[in-house]
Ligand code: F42
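Presented as structure tokens, the chain that follows is alone, the form predicted alone.
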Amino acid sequence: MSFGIEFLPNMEVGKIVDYACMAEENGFENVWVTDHYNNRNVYATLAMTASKTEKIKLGPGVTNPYQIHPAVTASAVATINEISNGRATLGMGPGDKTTLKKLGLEMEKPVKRLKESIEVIRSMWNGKPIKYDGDFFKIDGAKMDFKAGDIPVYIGAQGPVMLKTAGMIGDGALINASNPKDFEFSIPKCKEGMKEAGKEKFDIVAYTCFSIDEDSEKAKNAARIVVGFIAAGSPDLVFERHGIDLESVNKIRDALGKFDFGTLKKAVNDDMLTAFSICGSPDECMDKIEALYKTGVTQIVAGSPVGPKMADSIKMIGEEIIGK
């Protein structure tokens, strides 16, 4: 089991760099930085982080194939790989439908578009002129003027087709879930793709809502808003899987619609915290991590909020989780 951490560049880049250095010192092996147009630029943030760290791997977690042409993504990630002396990773998913709609972009055939993007990116990394005639991308002789080397590609996946695709063409899957029940569904789908591709090595990443503190209730309270957003956007099938009643979920959706975060936090119950997060004391978090490991998860990403106080939580994960 390895450990990664997610940062949203909705804070100053310098703070993210400081936290990333702290994560490296505390045994984390991966930094994933989210790619949202309304936050600081993901690649500028990664470049600064790469220049101040030495060992930790880093990459977008995740970018998408709609906002940026794959040739530009290829160059950006290759540049991060050069700055970091070979520590870059690429996390790519289909994107968020609501966010893309705000930019006037339609999420058309996400699996096909993602596959084409990754094919283009890997071809560009070879540093040779390429010809590509896909449904979405047409390339006639484009090339990068430097070779990127072999950069791992992780695919953000939720649905069965995307999970299988991740197993076929990715080096790992970034699965936005925190509960063993979700991985009992997801991992077999990844393995179907791995089998078709004749692949044995594959990183199953639990991209979690994580919150840790010596005071269990403080940790849980810090996670409630994030869990509320996760619950509001989840399909009914997920609620059935976890035995969560829709009446509680509808209260959360109603509160979000009114930007009433006080009501939202009250509506997030213990069942939702269990289903959609790893949160609580170090012992409680360790129990959940061990349960995920038994399902076949190979990397835990401590995603937002990480804990009530970011710096304290990073150190606590290093000492109480990674170091044990």
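For clarity, every value in this text was computed on a predicted model and none was experimentally measured. Just count from 1 along the sequence shown to find any residue number.
There is also a form predicted in complex with this ligand; it is not shown, and the following applies to it.
Non-hydrogen atoms within 4.5 angstroms of this ligand in the predicted complex: do Val62, Gly95 and Met107 all have one?
Yes, the whole candidate spot contacts this ligand.
Counting only heavy atoms and a 4.5 Å cutoff, which of 218 to 226, 241 to 249, 157 to 165, 122 to 130 contacts this ligand in the predicted complex?
One stretch meets the cut-off, namely 157 to 165.
Counting only non-hydrogen atoms and a 4.5 angstroms cut-off, does Ile212 reach this ligand in the predicted complex?
Ile212: no, not in contact with this ligand in the predicted complex.
Is Lys112 close enough to touch this ligand in the predicted complex, meaning at least one heavy atom pair within 4.5 Å?
Within the cut-off, so yes.
Does this ligand get within 4.5 angstroms of any non-hydrogen atom of Lys265 in the predicted complex?
It does not: once this ligand is placed as it appears in the predicted complex, Lys265 has no heavy atom within 4.5 Å of it.
Might Thr274 be said to contact this ligand in the predicted complex, defining contact as any heavy atom within 4.5 Å?
Heavy-atom contact with this ligand at 4.5 Å: absent for Thr274.
Since exactly one of Ile80, Cys190, Leu174, Ala74 fits, which has a heavy atom within 4.5 Å of this ligand in the predicted complex?
So the residue touching this ligand in the predicted complex, by this definition, is Leu174.
Please identify the residue among Gln299, Thr53, Thr34, Asn26 with any heavy atom within 4.5 Å of this ligand in the predicted complex.
Flagged contact: Thr34.
Though the partner is not shown here, which residues of 138 to 152 have a heavy atom within 4.5 Å of this ligand in the predicted complex?
Residues within 4.5 Å: none.
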